[in-house]
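So this first bit is one chain, no partners, the form predicted on its own, shown in structure tokens.
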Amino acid sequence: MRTDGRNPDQMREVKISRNIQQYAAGSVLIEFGNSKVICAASIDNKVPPFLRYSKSGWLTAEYSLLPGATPERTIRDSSRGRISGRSHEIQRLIGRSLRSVINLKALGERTIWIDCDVLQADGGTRTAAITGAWLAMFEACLNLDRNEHGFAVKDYLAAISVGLVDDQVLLDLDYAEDSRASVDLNLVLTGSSKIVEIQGTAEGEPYDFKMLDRLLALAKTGIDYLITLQQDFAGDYFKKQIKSVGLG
């Protein structure tokens, strides 16, 4: 049994609250246990210079730990004068993950900005941010006028962490587990089970392909569950659209 009483293959309780911010085009508060992340999508009616006159849009992301998110106060990037290496890595991960499931041509010459702000961190904030960012992006795209390319979102997207802790393969690590994991892996998958990213690191002894297969198989069960929550969130309209192109 784990410290919070979960079984090895059991996720923390996941909660999704909609319409957290009045002025964002889409916003949610997503909770993986004690990890809480606000994900908001804003629409800007312009694109970066390299996309001007291309009739294509763009999506980018920013990620930050708010000062009270951790036991020791986190210094804001604005006070530090630069984005931390960790924040930069995570926001690039969020952006490229979301771009894998959106038709940028369907946006027109607009940019969707995704802001992921961690209210409370207890492990798995990047995976919660990716899963919640998809929800915010979906709602933002509902507010866009359609062009000949149709609805912008092409598929679901979610992420989860797994790890080897005390010789046990565990799903959805909290901070205490993550901090002592001998293998730590994050998986990002589409709703059609296509891999977007695998981040798997041996913190101690190297691991073999048999262990990798075990980790990935367990991670997929967690993502399958998260996708069902996204399906409930998106409703029947998007389920039908996904099925029509063979992804549901």
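Counting begins at 1, following the sequence as shown. Note that the structure is predicted; figures quoted are calculated from it, not measured.
One more form of this protein exists, namely the form predicted in complex with another copy of the chain; it is left out here, but the text below deals with it.
Comment: another copy of the chain is not present in this chain, but in the predicted bound form one of Arg52, Lys194, Arg180, Arg214 has a heavy atom within 4.5 Å of it, namely Lys194. In the predicted bound form, no heavy atom of Leu164 sits within 4.5 Å of another copy of the chain. Using a 4.5 angstroms limit between non-hydrogen atoms, Asp115 touches another copy of the chain in the predicted bound form.
In the predicted bound form, Leu189 approaches another copy of the chain with a heavy atom inside 4.5 Å.
Using a 4.5 angstroms limit between non-hydrogen atoms, His149 is distant from another copy of the chain in the predicted bound form. Picking from 68-76, 140-148, 164-172, 127-135 the stretch near another copy of the chain in the predicted bound form, with a 4.5 Å limit on heavy atoms, gives 68-76.
For the stretch 207-223, the set of residues having any non-hydrogen atom within 4.5 angstroms of another copy of the chain in the predicted bound form comprises Tyr207, Asp208, Phe209, Leu212, Asp213, Leu216, Lys220, in sequence order.
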